[in-house]
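First, one chain by itself: the form predicted alone, in C-alpha cells.
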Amino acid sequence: MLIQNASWITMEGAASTAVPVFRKQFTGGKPVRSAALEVTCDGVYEAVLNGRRVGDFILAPGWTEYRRRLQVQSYDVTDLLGEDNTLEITVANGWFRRTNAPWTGTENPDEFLPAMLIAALHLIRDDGSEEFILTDDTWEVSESTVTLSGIFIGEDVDMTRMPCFEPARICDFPKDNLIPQEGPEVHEQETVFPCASFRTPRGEWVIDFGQNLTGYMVFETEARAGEKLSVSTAEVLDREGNFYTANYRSARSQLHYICREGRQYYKPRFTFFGFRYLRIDEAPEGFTADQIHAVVLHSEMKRTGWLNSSDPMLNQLFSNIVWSQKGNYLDIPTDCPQRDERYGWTGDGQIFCRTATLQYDVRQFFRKWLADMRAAQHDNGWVPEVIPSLTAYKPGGGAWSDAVTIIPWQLYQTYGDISFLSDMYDAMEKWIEYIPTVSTAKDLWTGCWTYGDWLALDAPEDYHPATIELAKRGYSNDDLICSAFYANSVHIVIMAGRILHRDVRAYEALHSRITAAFRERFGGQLNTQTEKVLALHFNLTDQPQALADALADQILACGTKLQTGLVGTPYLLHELSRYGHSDIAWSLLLRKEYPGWLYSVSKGATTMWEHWDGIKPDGTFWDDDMNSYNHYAYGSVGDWVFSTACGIQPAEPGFARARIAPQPDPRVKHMSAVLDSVHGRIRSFWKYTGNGIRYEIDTPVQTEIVLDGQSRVVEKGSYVLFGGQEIRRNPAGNNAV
C-alpha cells in the first residue's frame, strides 16, 4: 500500500477530547487521469475534498483488533479534483480512543494517545507522470467545529468556531498493522420520519419515530448565530410516559449544536445512537418536529430471508428480529447499540449467527470479524469474551469463546464456503487444546470462569448467590455447560478436519472420552431446562427420547414456560420438535405472557429485548443498569421458524441440496419462509384450509420434501401439495414468490 510511505501526523498539544481537522492544499497542475486516496486514523474520520465528502463509509475505518489490524480505505477521488484543491480530514475518537477500556498504545497506561492521521493521495496525469501527496509536516491542523465526539458521549458542535490552522507534527506510530479494507462498509440505509410529537407529563418535548433503531438524527433549520439545538435520545418511556434514559448508564447519548447564521443542515459525523425517541431540550425559535428525521445505519449486507404469517403479533416479532440484526450489525456484531457497551460479545454472536445467516448475506461481515478473533486469540489458545478485545477483558468461558468453532461451522453450513473452515481451523484447534490446560477434571471442562446460562429464569426462590452477577447466570451447573460446549467444539473440529483432510483421530478419541465423562458426571443430574437441552442438542445423552419427554413435562409443569437463558434458549424449540413435542415448541413461541417471545410485542416492542420482562406487566422496569431494548440474542428463535416451522434445511452445505420438512400448527393459519440461498430462492408456504393443509414449495435444487412423515425427493421446480398429495408441479418454474 502506498500509505506505508506516508507519516503519521498529529496536532501538537491537543486535548484528549479534541476533534482536529487536518488540511492539505495543492494545485491541480497538469490534467489528471486518475486520483486515489488511501487513508486511516486512530479513531474515526471524515474526508472532504473541495467541499465534497469522500466516499459513503460512515465511521471509517471501523473497529478491528487495532494492535494487529487497522483497516485502510482506498477511494477514487478523480471526479472531486479541481484546479486548486483543499483536502480536509477530520479525526474523532471513535472506538480506537473510546472512553472505556481505552488503548493508549504505549507501555504506560496513563499516557495519552492523541488523534493521529495517515493518508496518501496518488495522482496519475494524462501524460503518465505521477505525483504523491503524503501526510507529513507540510500538512496543517486546527480544531474543528466538532468540539466533542465519542461512541458513548454523542457529539457537540459549534458552527460559530473559526479554524486556526498550524503545522501538523509528525509522530512515531506503528504502520505494520495497516491492512486493506476487509469488512463491508457502514452506510446510511434508510430514513425514518417522526410518527408523533408530544409533551410528556413532565412537560418534555418528545418526538417518536415509532421504531427503535440505530443511527442518528438529521435536521435542517433556519437559525440565528448562537442559537442552540440540544437533543437527547431514549429507547422507551417510563410508566407515566416520561422520557427515560437510566438504561443508557454512563452513555451521554446527546447532540448539542450551536448554530451559525442562516440556513443549516447537520447530522452527527463521528458517532451513532440507539433510540426510538428524541427529546428536544433546546431549539432555535420556530423549530418544528418536521425539521428532523432519523437515518438508519448498519453494515452493508444484502437481505436474503423473509418470514410471514397470518398472526400480526408473530409478524411484529419477525420484524423485531430483523431490526435488531440491523441495529447491532454495525461493523461488528454488537450486543446493544445504545448504552456504554456496544461490544462484540462472542456469546451473543454465536447464539444469533444461524438466524443472521438466514436473514442477510453476512459472509464478508463475519469474515472480517473472525479475522479479528484470530488476531485477538492469545498464544495459549484462549479467546476473549469480546471481539475486538479490550484490555481488561477475560476468556469467555463455555458458549462464549466457543464462538471460534460455532460461527465458522455455521457459515459453512449456510453458504457452503470451505474457506471459513480453512481460515479458522488452526484457531479452533488452539482453543480446544487450551481447555485441558485450565480444567480441573480430565476430559471435561470444569473449575473455570463462565457466564453460565446467562439471564436464565430457573433459580429457585431460596437461591441466594453471593453477588448479583451470579444471580444473572441462572441455576444450571456451570461445569456441565462448559463441558457440553467443549464436546461440541471438539465435534466441530472433527467434522471440519474431515472436510479439510486433516488427521482427526486424536480428536475422535477425545470426543468419545468427553461424552463418556459427561454421562458419568452429569447424566443423572440433568435438572434444569438448559441442562437437558444441551445434553440433547450436543448428543451427550444415551436416552434422548426419555430426556426430551422429561424436558417437555418440566415445561408443562411450570405453566408451559421457558426458564432457559442465553445458552439454552437457542436450542430449546429445536430439541422439543426433534423429539415429537412441536406442540409445546409452538406454545412457547406463541406465548403472550411473560416470559414469552410475544410478551415484548404486547408491550409495544419494535426490536428484541435483553430481558423477557424488560418492561414488567405493571409498566415498571426490570432494572436500570442492564436493560437493553435492542438486544438480538433471543431473536435466535428466527432460525427455528425458518428451519422447523417452515422446514427449510440444508441437506448439503450451502443448500446445494435441500430438505423441506415443515411442522405447522393450527393456531397459525398460514406461514411462509423465503430464503435466497447461494443456489437460488427457496420458498416454503403452508396454509390450513377446510380440507387440510396446502403446501407450496419452490426450490432451485434437488430437495427432499417431508410431509406428515412421508418423504419424497424432487428436482428443481415449484410444487403444490395438498393432503399429502401433489396436485401441481412446475419443474421449469422461476420460483417466484
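Residue indices: 1-based, along the sequence shown. Given the structure is predicted, the values throughout are model-derived calculations rather than measurements.
The same protein also exists as the form predicted together with a small molecule; that form is not shown, yet it is the one meant from here on.
Heavy atoms within 4.5 Å of the small molecule in the predicted bound form map, among the stretches 426-434, 336-344, 527-535, 494-502, onto 336-344 alone.
Contact annotation for Trp400: at least one heavy atom lies within 4.5 Å of the small molecule in the predicted bound form. At a distance threshold of 4.5 angstroms between non-hydrogen atoms, Tyr571 is out of contact with the small molecule in the predicted bound form.
Using a 4.5 angstroms threshold between heavy atoms, Leu566 counts as touching the small molecule in the predicted bound form. Among residues of the shown chain, Met626 is one whose heavy atoms approach the small molecule to within 4.5 Å in the predicted bound form. In the predicted bound form, every residue of the candidate spot (Asp348, Tyr451 and Glu610) has a heavy atom lying within 4.5 Å of the small molecule.
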